[in-house]
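The form predicted on its own is given below as one chain in structure tokens.
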């Protein structure tokens, strides 16, 4: 019999750790919705980041072949003993994925394809997305709960306030969609912001042959000082004179007065060919 989350937390005298950004979800319909959004199927291996109270873990496990759930708070062990009881396809690993090398990760999860599904602690959202997207691991998608503001950034279009370096970093490797918005009151304890579920589908071989590291460097340079023109940002961070930066932009068919947030991914790729 599955216990209610608050009953489990009370029974184990669990105390929330604010520093770890712990906000748990108990609404079964929402949890099932996140799993549905992720497209997890019967034969899939799933990696969850932040086991929390195990409520999302349980819903993933009911669909997936295997769940590897990573957690850093060992105070949750008694909670998991209750919330995950009866599940034989879940391994909870008390390790920080951000501090693990790919080989260490593979020694636990294996070298096959997997999907990431997670209600992420918000303070690790961007590093965690990039940790998987920039790795050689066979991740096929990430379906993650993020702050609504971050969700908007992940799917933004050029020349909008939310368009940023992370938008382009995701586009270099795949495509992102907001699958649902989630009110802050769906969490316990409630955070100070609303959230969104974002699904990032990794497109294998996307932009093969392009120098992604260089494109990424140009993007970071372009957004370093948002109000400056791209020429000024390239001058400051790429070691170019203004004349050299202007020439490269013109050769790429770009206006010398353009700002970084006006350029599409294709524009950055064209510009990278000038280096």
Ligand code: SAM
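Since the model is a prediction, treat every value here as computed from it, not as a measurement. Residue numbers count along the first chain shown, from 1.
Absent from the display: the form predicted together with ligand SAM. The rest refers to it.
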Interface residue in the model of the complex among 154, 90, 172, 120, criterion: non-hydrogen atom within 4.5 angstroms of ligand SAM: 120
One residue of 82, 124, 139, 165 in contact with ligand SAM, assessed in the model of the complex (non-hydrogen atom, 4.5 angstroms): 124
Residue 96 within 4.5 Å of ligand SAM in the model of the complex, heavy atoms: yes
Contact flag, residue 176 vs ligand SAM in the model of the complex, heavy atom cut 4.5 Å: no
Ligand SAM contact in the model of the complex: residue 233, any heavy atom under 4.5 Å: no
Distance check, residue 73 to ligand SAM in the model of the complex, heavy atom within 4.5 Å: yes
Which of 36 to 44, 22 to 30, 224 to 232, 238 to 246 lines the interface with ligand SAM in the model of the complex (heavy atom within 4.5 Å): 22 to 30
Sequence-ordered residues of 45 to 77 touching ligand SAM in the model of the complex, heavy atom within 4.5 Å: 48, 49, 50, 51, 52, 55, 56, 70, 71, 72, 73, 76
